[in-house]
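First comes one chain, alone, set out as structure tokens in the form predicted alone.
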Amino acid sequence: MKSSNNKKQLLTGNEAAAEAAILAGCRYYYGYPITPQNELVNHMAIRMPQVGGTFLQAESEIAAIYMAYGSAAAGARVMTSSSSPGISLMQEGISYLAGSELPCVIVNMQRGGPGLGDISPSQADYFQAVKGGGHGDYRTIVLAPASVQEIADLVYDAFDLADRYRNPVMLLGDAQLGQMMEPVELKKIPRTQQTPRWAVTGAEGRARNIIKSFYPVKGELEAFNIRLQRKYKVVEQKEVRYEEVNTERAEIILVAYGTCARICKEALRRISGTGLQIGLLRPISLWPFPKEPLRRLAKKAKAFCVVEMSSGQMLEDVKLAVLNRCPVHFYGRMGGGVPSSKEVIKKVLNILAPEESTLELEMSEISQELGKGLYFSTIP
């Protein structure tokens, strides 16, 4: 499917990620098929030859990440993608990318786990993504879209961030976001194609570049790691992204990302007009994590409730950010289970029950509203 700029197209999240990457200047893609991100691989197989790019189905996810490493070292914009078990296989290569300071965009459409798991949506790769799933003191910038349009928008940003900080950037979606279809407006980003000054090009007319992550001389590796940590602090200062919904007077603040944030927005819509003061903070950058906004909200909120499709992985970062200023509750589903807006509302009511004198009335109003039927809005 060829891009039609300034017109909305109906695309899956996987297709939107692929097409946005092409419009952002990506001309090298290496991947290996795994559900639920196969539409991305298929789209790249069709489109890359059309734009003069290179598509290669690698023999494994391990091969794909190191092919991406090679193209990144040559100064190209490159992307790879997979789903949870495949991303696990890529972790050593991601560590090498960070250790060599090479830009690369990696898409993970998460599925249930551990192990082979199933092909249902999950958010259980949070630790793997934001804590650095490979070895060493490195960080991966992680962006979490909540709609197909945002998948495209964040892919553009991911390539820019990868180049700016010479670092791998991961787009962390899930099976539902990857395979749902929504209208998307794609845009071609004006960009001057220049070979980066650090790229390996044959060293004609300048000092040669050496790309490596091996520092055998005593003290060199520590000095390099210190410099990396300085870079990561700059990222934390400049690249935090989040969205707030109805947080000004909220007593309970939901914290959720991706698909769970969509569900929480639906819950807020369903309880609108009941008198309950509920808000949402949606992290868009999972690393760097929006710690300061959470600390600010913790000064006035009665409690937080983290909603995840996991056993509570982002929960730990929320607790660290809040620093016991107020209670942090949790509602999660695991192994491909997806929370409903009704379940989220029930959890909120359980949190409020000991404190709200008008709870019975509110519960009655909400029950009537919920009785009209639940649905997921296509607007995140």
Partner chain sequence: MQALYRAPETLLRVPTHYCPGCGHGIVQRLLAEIIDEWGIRGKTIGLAPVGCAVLAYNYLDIDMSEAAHGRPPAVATGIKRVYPDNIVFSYQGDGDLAAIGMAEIIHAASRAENITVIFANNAIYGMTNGQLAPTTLLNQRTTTTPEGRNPLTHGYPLRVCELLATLDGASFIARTSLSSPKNVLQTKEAIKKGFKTQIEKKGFSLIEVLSPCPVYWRMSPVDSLKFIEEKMTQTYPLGVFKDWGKKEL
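Numbering follows the first chain given and starts at 1. Please read all numbers here as calculations on a predicted model, not as lab measurements.
Not on display, but discussed next: the form predicted in complex with its partner chain.
Among residues of the shown chain, Asn42 is not one whose heavy atoms approach its partner chain to within 4.5 Å in the predicted bound form. Among residues of the shown chain, Met67 is one whose heavy atoms approach its partner chain to within 4.5 Å in the predicted bound form. Of the heavy atoms in Ile211, some are within 4.5 Å of its partner chain in the predicted bound form. Taking the partner from elsewhere, Ser285 is found to have every heavy atom lying beyond 4.5 Å of its partner chain in the predicted bound form. Although its partner chain is omitted here, in the predicted bound form none of Glu19, Thr140 and Ala162 has a heavy atom within 4.5 Å of it.
A heavy atom within 4.5 Å of its partner chain in the predicted bound form is found for one listed residue only; from Thr247, Asn167, Ser71, Ser310, this is Ser71.
Thr201 is the sole member of Thr201, Asn225, Gln91, Gln277 with a non-hydrogen atom lying within 4.5 angstroms of its partner chain in the predicted bound form. The chain is drawn here without its partner chain; in the predicted bound form, the stretch among 43-51, 327-335, 311-319, 22-30 whose residues come within 4.5 Å of it by any heavy atom is 22-30. The partner is not shown here, but in the predicted bound form the stretch 94-112 reaches within 4.5 angstroms of its partner chain through a heavy atom at Tyr96 alone.
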